[in-house]
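Just the one chain here, the form predicted on its own, laid out as structure tokens.
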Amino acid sequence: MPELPEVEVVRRGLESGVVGSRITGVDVFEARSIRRQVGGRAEFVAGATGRSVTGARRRGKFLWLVLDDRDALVAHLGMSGQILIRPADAEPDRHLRVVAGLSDGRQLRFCDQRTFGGLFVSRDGAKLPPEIAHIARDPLDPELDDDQVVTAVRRRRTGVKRALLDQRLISGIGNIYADEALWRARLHYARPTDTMRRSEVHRLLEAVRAVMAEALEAGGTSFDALYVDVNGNGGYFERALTVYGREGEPCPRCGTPIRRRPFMNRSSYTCPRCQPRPRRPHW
């Protein structure tokens, strides 16, 4: 699933490539891709058609286009969603679900192989769509209150990785960047949050920001063709991953083979030496 760096790469592409254009028409080829739309297909088409795009914003893994400074065209990429900017005469992309024509003759295309992502128009959602108001600020948000997050983390009775993945606590972090940040902070994913010192949580937040900043510079992480930017290009941060997906390879810091363990129907990757298992793990 695309995480914060990948979604931010897409947002930046939309900001530079679509802002200032007007949506001239909308075609929906897959109803599941607008299933979150109140009022269904008719409301979605009417809400987007004829609107000028005046901004591109994001919170966590959600992004949205500001429409006429009032409403929002909200997108979530899910597991395999792509938002592409194409010439109108370009060949149809695979798994094409929604197309919006633009006033300059190009098209904004939403493609989604697994159809877990989607689009919807949020009325009066330009600043923050009410449908996603429950999503917490993310590590790259300048208004994120670190001290507040630290306090909230230490009040939880859970494992630290579970806390990182809770989008109501801090948003945008998924499995890849959680593992990378925990390795940098020398913390095991099962470390109970109520045993963590404030300095440790602050160190973890710094590690999250550092790894995400590096991922942004590399255009995000692409393991396959499912994640691409608005021009169809993949990211290169996969080459810089230190632990995620590196089972059996030497830890870049100490040389110990990286270990993989099951975690919440996924996997967690750690260095057994740099990230020792806590005496009282919280699974």
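What you are looking at is a predicted structure, and each value in this text was computed from that prediction instead of being measured. Each residue number is its position in the shown sequence, starting from 1.
Omitted from view is the form predicted in complex with the DNA, to which the following refers.
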| item | value |
| --- | --- |
| Arg22, Arg260, Arg273, Arg12 - the one with a heavy atom within 4.5 Å of the DNA in the predicted bound form | Arg260 |
| Among the candidates Gly174, Pro139, Gly118, Pro129, the residue which, in the predicted bound form, approaches the DNA to within 4.5 Å (heavy atoms) | Gly174 |
| The DNA contact at Arg123 in the predicted bound form, heavy atom, 4.5 Å | no |
| 4.5 Å heavy atom contact, Arg203 to the DNA in the predicted bound form | no |
| Heavy atom of Gln167 within 4.5 Å of the DNA in the predicted bound form | yes |
| Touches the DNA in the predicted bound form: Arg32 (any heavy atom, 4.5 Å) | yes |
| Proximity to the DNA in the predicted bound form (heavy atom, within 4.5 Å), stretch among 71-79, 182-190, 85-93, 207-215 | 71-79 |
| Heavy atom within 4.5 Å of the DNA in the predicted bound form - qualifying residues of 35-55 | Arg36 |
